[in-house]
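In structure tokens, the next block holds one chain alone, the form predicted on its own.
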Amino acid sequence: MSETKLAPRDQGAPDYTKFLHPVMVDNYGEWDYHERIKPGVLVHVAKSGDKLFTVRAGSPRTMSADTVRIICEIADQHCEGFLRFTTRCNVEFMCREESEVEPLIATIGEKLGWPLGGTGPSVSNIAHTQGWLHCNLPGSDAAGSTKALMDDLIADFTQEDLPNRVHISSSCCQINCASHGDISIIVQHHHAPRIDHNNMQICELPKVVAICPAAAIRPKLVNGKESVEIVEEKCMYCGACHGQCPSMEIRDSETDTLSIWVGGKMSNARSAPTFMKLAVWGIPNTPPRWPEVSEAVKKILSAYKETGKPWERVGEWIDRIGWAKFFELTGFPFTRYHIDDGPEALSTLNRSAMVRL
């Protein structure tokens, strides 16, 4: 019997080494230093003397096939066909000759019209969830609010005059697929899901019960049919159940609002990762431009730019000046919702009978 030829394995991440620029391959692990020539333009210098120039442009993330073809044509014209997307959806074009940098910039402006920036102490491109375009759970449109916000923050993207890099993320539900950031915009629901008991049979009830992170859902017979009920004192209005079962509607155009969280970041050589904390809540969910969100974010960036020290991230700046000063500088009201009363509050609250500000 002849051997059956199997199809090549295509699961998992591809081998990135196949897509490296030739200069990166020749000098892998042998880089000497890098510099920022100007906002959006970097040069990496190897110990051999080889140089690799990078031009970073901010993309809208959601792109048509025609736009992707234009990007590839620019890379073929100026960069030997090499480019990469960053984790925050910037597009980086790489070329080995400095003489190619200015023609490359001109072509990006002519064919794409995208701004250059997001390098050094600036606001990088905003990471966001799918919003109304694709997600089955959005209470807001993360992609649309990102566009509106970046229109107002474009100077902070194209210039490098902040104390340090600022990562902003925007999520259209409380599950927060956009992850943590120095500043994060997240939708907030204010009531438990409304259950359509007559239509619950379309859902896999064991999965609906199991997906609740707060164990607030339990099985129940309603009018002789299998359904569920919600223990409201446990429900934290995250919406995970609605993503599993459309008969549990949590979205509400009348009550949904937005909140802004600050201080989140990944770990580095100096410090551990930090979680975000609430800065302001109850912001109106007002598409298509969300002006109240832009106003609040600009207040935070203005105070950070004015009083932050070089190399301080937003969370480190707040830790230094204190939360009382943060609310004073931004003008946000301090409410009972800002009090940390979660399971890990022992490590963040003052363990004393005396209140220290």
Partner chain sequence: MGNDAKKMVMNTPMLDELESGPWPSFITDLKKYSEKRPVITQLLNQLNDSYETKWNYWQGKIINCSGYGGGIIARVSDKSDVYPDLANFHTVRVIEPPGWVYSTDALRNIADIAERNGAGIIQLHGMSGDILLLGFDDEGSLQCCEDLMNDGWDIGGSGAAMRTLQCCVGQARCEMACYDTMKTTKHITDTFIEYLHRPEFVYKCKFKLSGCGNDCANAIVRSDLPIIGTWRGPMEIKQSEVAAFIDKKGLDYVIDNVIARCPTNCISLKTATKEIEVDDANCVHCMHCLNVMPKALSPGKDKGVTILVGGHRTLKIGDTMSSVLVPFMKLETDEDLVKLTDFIDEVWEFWNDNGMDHERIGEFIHRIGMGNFLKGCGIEPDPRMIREPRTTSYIKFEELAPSRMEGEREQNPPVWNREPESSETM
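Here the rigid core means the biggest group of C-alpha atoms that line up within 1.5 Å when the two forms are laid on top of each other. Since the structure is predicted, the reported quantities are computational estimates derived from the model, not experimental observations. Numbering follows the first chain given and starts at 1.
One more form of this protein exists, namely the form predicted in complex with the partner chain; it is left out here, but the text below deals with it.
Q: Is it true that 216, 258 and 335 each have at least one non-hydrogen atom within 4.5 Å of the partner chain in the model of the complex?
A: No, none of 216, 258 and 335 comes within 4.5 Å of the partner chain in the model of the complex.
Q: Taking the shortest heavy atom distance, is residue 281 within 4.5 Å of the partner chain in the model of the complex?
A: Heavy-atom contact with the partner chain at 4.5 Å: absent for residue 281.
Q: Is residue 220 one of the residues lying within 4.5 Å of the partner chain in the model of the complex, judged by heavy atom distances?
A: No, residue 220 is distant from the partner.
Q: Residue-level contact is defined here as any heavy atom of the residue lying within 4.5 Å of the partner chain in the model of the complex; does residue 58 satisfy this criterion?
A: Contact check for residue 58: yes, within 4.5 Å of the partner chain in the model of the complex.
Q: Can you tell me whether residue 32 touches the partner chain? I mean in the model of the complex, with a 4.5 angstroms heavy atom cut-off.
A: Residue-level check for residue 32: yes, a contact with the partner chain.
Q: Which one of 329, 41, 321, 63 is close to the partner chain in the model of the complex, taking close to mean a heavy atom within 4.5 Å?
A: By the 4.5 Å heavy-atom cutoff, the listed residue in contact is 63.
Q: Identify which of 190, 225, 207, 234 has a heavy atom within 4.5 Å of the partner chain in the model of the complex; exactly one of them does.
A: Answer to the contact question: 207.
Q: Going through 77-100, which residues have a heavy atom within 4.5 Å of the partner chain in the model of the complex? Please give them in sequence order.
A: 81, 82, 83, 84, 85, 86, 87, 88, 89, 92, 94, in sequence order.
Q: When the two forms are laid on each other by their rigid core, does residue 213 show a Cα shift of 2 Å or more between the shown form and the other one?
A: The answer is yes; the displacement is at least 2 Å.
Q: Rigid core aligned, does the Cα position of residue 17 differ by 2 Å or more between the shown form and the other one?
A: Comparing forms between the shown form and the other one, the residue 17 CA shifts at least 2 Å.
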